[in-house]
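The form predicted alone is given below as one chain in structure tokens.
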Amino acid sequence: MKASLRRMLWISRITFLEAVRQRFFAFLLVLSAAMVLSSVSFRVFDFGHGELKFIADFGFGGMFFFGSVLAVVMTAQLFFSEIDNRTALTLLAKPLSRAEFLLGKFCGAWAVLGVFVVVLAALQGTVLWAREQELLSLADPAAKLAPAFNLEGLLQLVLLQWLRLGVVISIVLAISALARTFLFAVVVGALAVVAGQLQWIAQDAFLRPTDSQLYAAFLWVSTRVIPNLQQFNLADALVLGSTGVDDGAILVVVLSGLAYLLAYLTLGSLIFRRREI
């Protein structure tokens, strides 16, 4: 067991170092950071929402968008680089199982996304806190406005966003284990992310009565096979404390994310075990 863990951590370390050296990672990190830092400048395009809410939605929305792009493209690239360069044959010829190889790739890619999320969340939190202080200083002292920024909520959101991107990585790895080309894995992985963002539509339709059993079966399968990525969108409630989130609701989201993550990793391991390299 310890030997298996050491091998998996070794693959994770190599994957992490390979990923952070890629120009694509640096480009998306710099682009995302620039967007977060400039979110205050874009508040002039807000139409009716609170200023802090607009800044948070703009920044955290960009974090997930660019994080998803990074998760899909980087994960597929890291996987297929080992296959195309035939280095996977060398690695798997040693006492390294295919499941350990896939889990190592997952952990390495997930660690990279962890760095991505932490850096951007720290920048976004700084922007929100600084702007909130400006607004409080400009407000009427007699109004006694209470601060809205919640540091504890920001930390919870970081974990939730990291988990959401972990689910995306596990889906892309399962697709990559089945796919034969890098392009196919990226396209299908991107479509899976879009489907996850729109999964709530299928859930809503499933609750409505229908006479078609085939349609009902399709909705039942789609609402269980495809993870609902929208359930992780809790930025307003957590970071700004506008409505608050019950601990039980957060626990449900975490357990759901972990369940999908483990399910897709298991599926990917089973598919990769039968794949010819």
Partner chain sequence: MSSAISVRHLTKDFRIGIRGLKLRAVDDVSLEIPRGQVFGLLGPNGCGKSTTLKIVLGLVSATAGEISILGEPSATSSARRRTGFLPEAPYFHKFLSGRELVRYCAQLSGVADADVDAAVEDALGLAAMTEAADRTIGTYSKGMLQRIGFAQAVVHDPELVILDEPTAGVDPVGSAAIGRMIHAMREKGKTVVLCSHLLGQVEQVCDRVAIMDRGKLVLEGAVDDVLARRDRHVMTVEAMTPAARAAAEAALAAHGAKVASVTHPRRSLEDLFRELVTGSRDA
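Note that the structure is predicted; figures quoted are calculated from it, not measured. Positions refer to the first chain, counted from 1.
Not on display, but discussed next: the form predicted in complex with the partner chain.
Chemist: Ok, 91, 111, 99, 155: which has a heavy atom sitting within 4.5 Å of the partner chain in the predicted bound form?
Modeler: Contact residue from the list: 91.
Chemist: Test of understanding: in the predicted bound form, would residue 82 fall inside 4.5 Å of the partner chain by heavy atoms?
Modeler: Heavy-atom contact with the partner chain at 4.5 Å: present for residue 82.
Chemist: Does residue 255 make contact with the partner chain in the predicted bound form, using a 4.5 Å heavy atom cut-off?
Modeler: Although the partner chain is absent here, residue 255 would stay clear of it in the predicted bound form, with no heavy atoms inside 4.5 Å.
Chemist: Considering non-hydrogen atoms and a 4.5 Å limit, does the partner chain approach residue 263 in the predicted bound form?
Modeler: Residue-level check for residue 263: no, no contact with the partner chain.
Chemist: Please check if residue 87 has a heavy atom lying within 4.5 Å of any heavy atom of the partner chain in the predicted bound form.
Modeler: Yes, residue 87 sits close enough to the partner chain in the predicted bound form that at least one of its heavy atoms falls within 4.5 Å.
Chemist: Decide if the three candidate residues 51, 53 and 249 all line the partner chain in the predicted bound form, where lining means a heavy atom within 4.5 Å.
Modeler: Looking in the predicted bound form, the three residues 51, 53 and 249 all stay beyond 4.5 Å of the partner chain (heavy atoms).
Chemist: Going through 257-274 from first to last, which residues have a non-hydrogen atom within 4.5 Å of the partner chain in the predicted bound form?
Modeler: Residues within 4.5 Å: none.
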